[in-house]
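Only one chain is given next, in structure tokens, and it is the form predicted on its own.
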């Protein structure tokens, strides 16, 4: 029997994860691979959810589009944080994470034979979703500063292009895309009547006076922009699987069909927890983001001490994405690092061809002591310790 998914490459970190699993039980294993923020939801929010856990409403489906209270609170939050003006009744859907939101958006918008333009490096799961729809990814390398080049994107648009996909702040590079570049790309979408899908999962994780800019905050863009987000990173809710999607009313009406078919709704308990964080946990979230900012400063300080790395400083997320001098096979390199130092990092090549020669370091879950230890090991591995 032939399966439609046979042409889709499995998650590219599967073999690495298998090797890491064997080593992770040994003393001193350090995980700089998985994209976790390193904090859990605020205690007050968890306590409130604990009190509600025996209530029958916690154990039933919500409406397909999510709890109305959560959609209303999210609409207010996004208006204050990003300048997004979205109607909670018919422009917001709560999803089972941002991955679910992206896959749903693609399956709603894109037909077999069409294409989606993605600046590269990109998040590998996004490619899998596009291929699942029977479409193709047009991989457009970013510039030296990890910023997308509007001219290169414009040159790639053809009559089969259905959408342009941006992630800002970016996974894996940490780049915060500039307002000017995003606006230029949005203008292209309006001109060519294609959709701009913008993943803003890391919207609050910007540092050093950088500013996150959401294209949906432009009042002329509401019919052209689909915004994706997640509670996994900022709110420390990765395992609860709660995200959201914002789009034009007619798009949301069609997407709901897919939502009901695939998942019906996001997990009810997770929606309740997200609501409680929005209501009374944002101060705690802000303190955790400040902690991440200090951790980033330490990591970049240590990164500069290792001559094997070509520093690529960015202002967002908890990822570092340095180039390794002379590296042409990042998969082999990270396997050697894992086996030699019991430290897991990810190869840049899994984020597209443009990522080859780089490695991704995820420092979110680490303590300052663990960051120091990780860079001590890397320094020794590259013969500098």
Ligand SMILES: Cc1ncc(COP(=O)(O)O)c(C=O)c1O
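Residue numbers count along the first chain shown, from 1. Note that the coordinates shown come from a computational prediction; the quantities given were computed from them, not determined experimentally.
There is also a form predicted in complex with the named molecule; it is not shown, and the following applies to it.
- Stretch-level contact check against the named molecule in the model of the complex with heavy atoms at 4.5 Å: of 233-241, 112-120, 144-152, 266-274, the positive one is 233-241.
- Residues 173, 330 and 355 are none of them found to lie within 4.5 Å of the named molecule in the model of the complex, as judged by heavy atom distances.
- Out of the listed residues 167, 130, 105, 92, 167 is the one that sits within 4.5 Å of the named molecule in the model of the complex by at least one heavy atom.
- This chain is drawn without the named molecule; in the model of the complex, the residue among 224, 99, 203, 314 with a heavy atom within 4.5 Å of it is 99.
- Along 184-200, one residue reaches a heavy atom to within 4.5 Å of the named molecule in the model of the complex: 199.
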